[in-house]
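This document starts with one chain, in the form predicted on its own, laid out as structure tokens.
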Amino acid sequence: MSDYLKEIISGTWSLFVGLGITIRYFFQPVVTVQYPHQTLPMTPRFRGHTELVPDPESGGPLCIVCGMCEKACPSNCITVRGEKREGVKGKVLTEYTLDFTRCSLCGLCVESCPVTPTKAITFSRDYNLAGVSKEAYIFDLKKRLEAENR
């Protein structure tokens, strides 16, 4: 009988301890961000998907179509295509596709880019990506860069 009363007293005590914690947090200020209406500031070191860096003079991509980012990617999510055009030194970028569904955000593509002094690809600041299909996450980064320059 005494064990039964000890269990009742112990259970009642733990109930009041839990209620005390709940009441204490109930009256503290809210720390939750009301998401669609409020957003948190981005940290300076945030790494989103990769994006092409525009050439300051022409506005086109700095990419020289060497394919190092494509070779360095362990997920095989980058496709780079270029063609040799007359009157232009080197290749011209025609397609730069990123399959973000396969990207692990490791950063090897950005590190392997040989274009100096500025890299030809960098991490974007996009963090609010939402879509209902896989095709929404396959980015044509060359077209995105051209749309940003318009």
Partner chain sequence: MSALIQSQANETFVLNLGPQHPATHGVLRVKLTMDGEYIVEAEPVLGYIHRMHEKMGENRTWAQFLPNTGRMDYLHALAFNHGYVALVERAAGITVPERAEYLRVITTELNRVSSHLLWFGAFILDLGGFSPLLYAFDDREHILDLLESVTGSRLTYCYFRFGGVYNDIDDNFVPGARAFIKRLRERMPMYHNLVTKNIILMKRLQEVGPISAEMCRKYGATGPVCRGSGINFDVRKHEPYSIYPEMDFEVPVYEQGDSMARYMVRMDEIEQSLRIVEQALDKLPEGPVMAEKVPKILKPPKGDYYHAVETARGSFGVRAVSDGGNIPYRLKLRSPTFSNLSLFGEACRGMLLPDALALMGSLDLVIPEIDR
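The term rigid core refers to the maximal set of C-alpha atoms that superpose within 1.5 Å between the two forms. Here the structure is a predicted model, which is why all the values come from computation and not from measurement. Residue numbers count along the first chain shown, from 1.
One more form of this protein exists, namely the form predicted in complex with the partner chain; it is left out here, but the text below deals with it.
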Review point. Is Gly107 close enough to the partner chain in the predicted bound form to count, meaning some heavy atom within 4.5 Å?
Key: yes
Contact test in the predicted bound form: Glu83 vs the partner chain, heavy atoms, 4.5 Å:
no
Should Thr22 be counted as a contact of the partner chain in the predicted bound form, where contact means heavy atoms within 4.5 Å?
yes
Is there a heavy atom of Glu7 no more than 4.5 Å from a heavy atom of the partner chain in the predicted bound form? yes
Contacts from 6-45 to the partner chain in the predicted bound form (any heavy atom within 4.5 Å), listed N to C, are Glu7, Gly11, Ser14, Leu15, Val17, Gly18, Ile21, Thr22, Tyr25, Val31, Met42, Thr43, Arg45
Next item on the list: Determine, after fitting the two forms on their core, whether Lys6 shows a C-alpha shift of 2 Å or more between the shown form and the other one.
Entry: yes
